[in-house]
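The form predicted on its own is given below as one chain in structure tokens.
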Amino acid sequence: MLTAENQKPKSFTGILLHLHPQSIKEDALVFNRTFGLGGMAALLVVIQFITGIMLRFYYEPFPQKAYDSILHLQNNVLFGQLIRNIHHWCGVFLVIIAFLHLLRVFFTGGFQSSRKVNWIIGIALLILIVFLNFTGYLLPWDQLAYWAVTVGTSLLNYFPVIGESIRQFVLAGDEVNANTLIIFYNFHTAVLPILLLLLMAYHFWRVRKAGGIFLSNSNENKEIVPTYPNLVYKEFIVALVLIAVVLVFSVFLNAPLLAKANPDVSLNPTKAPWYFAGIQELLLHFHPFIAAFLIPLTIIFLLTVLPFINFKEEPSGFWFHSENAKQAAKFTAVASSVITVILIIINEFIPDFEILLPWLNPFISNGIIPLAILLFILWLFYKFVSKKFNLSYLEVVQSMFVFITTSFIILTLIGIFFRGVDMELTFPWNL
């Protein structure tokens, strides 16, 4: 029988095993515990670095040359279009997979006890990945990039006191300009990648120090098996599948590129990058301070303090803690989708409180009142789902997290696919 203690590798597999112990608990190999999400995110980061370095050879970060350098790369450089496509789709998949990885850690309870700090690092990594995508969004300097970044940075205006100052610092002016492009280029190719690598290294080290993925002492299989080939082969297969998916997307779907950026001709609709579409959708229903500042930062704050809440029970290490909690999560996801869609439709076709109550301050009529209604709905659902499924405190928190996450996903999908000219609701085929 092998022991879980680290042994010095005796073959070339030592390089692969540097990120893992030489032996591992057999329960940790069950694929649907993690779906390989952490490894996939790491692989996508590696691909991003490789393709990003290739793109640097041809890209010129100046408004007069940036767009033409992209055209030259796509039309005249061997596999230039493919390299740009791979870089684009890896960026999209990285945001999605990092988000799913965060959900996986939460729903399997891998954020408590010795893993508290690593949970916070994971949140920071997800935020870094989003901003890496955002800073790279402007670099093609086409109409889509220019106006998406204009809308995205305009959200900073709604931060109290310092919002406008931060926006002017980020843009190096009052609007997107040549200096903005250079700032975004330096952040995208130097500052943020360095921070990402440092945090990733520390994140992996803490995962290794904590003994790998979370396994409950009461449920885990005590059998110990060699990491190579049991884990390494599975990781290799997952990596091959992910690369194949990226290549399929990159071969058949080109990275978007519209006409060269023109500050005098805006797009209609002008949309923020897709990962900010949920916040942009919230702006249509709430006061800007509530939508762009209070709600997002409150969610980030709650996620950050989550490991320090006393749930009075140990997580099981399995998805949703129990079978009962799984049923509650499914019900919550459906209920949240229906409620979110209904509220959006109501707000679209019925005058909002700012029109109905013109004598009130807009912050109250279009901010406090809708927020109070939303919190009341959340409270009613909290009471209903906890009683209906007889949930523990931990299970109720998971259900409410499902509610908020599902609602945000619906808001994002509507913002991307169902908002047309003047941000009116429409069907995707009418866009």
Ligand code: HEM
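These figures come from a predicted structure and were not determined experimentally. The numbering used is simple: start at 1 and walk along the sequence shown.
The same protein has a further form, the form predicted in complex with the named molecule, not shown here; the description that follows concerns it.
- In the predicted bound form, at least one heavy atom of Asn133 sits within 4.5 Å of a heavy atom of the named molecule.
- None of the heavy atoms of Pro370 is located within 4.5 Å of the named molecule in the predicted bound form.
- The closest non-hydrogen atom of Thr150 lies beyond 4.5 Å of the named molecule in the predicted bound form.
- Of the heavy atoms in His287, none are within 4.5 Å of the named molecule in the predicted bound form.
- Taking Phe49, Phe62, Phe363, Tyr393 one by one, only a single residue has any non-hydrogen atom within 4.5 Å of the named molecule in the predicted bound form, and it is Phe49.
- Just one of Leu343, Leu283, Leu126, Ile295 comes within 4.5 Å of the named molecule in the predicted bound form, counting any heavy atom, and that one is Leu126.
- Look at 243-251, 96-104, 320-328, 164-172: in the predicted bound form, residues with non-hydrogen atoms within 4.5 angstroms of the named molecule sit in 96-104.
- The three residues Trp119, Tyr137 and Leu196 all sit with a heavy atom within 4.5 Å of the named molecule in the predicted bound form.
- Contacts to the named molecule in the predicted bound form (heavy atom within 4.5 Å) from stretch 242-267: Ala255 only.
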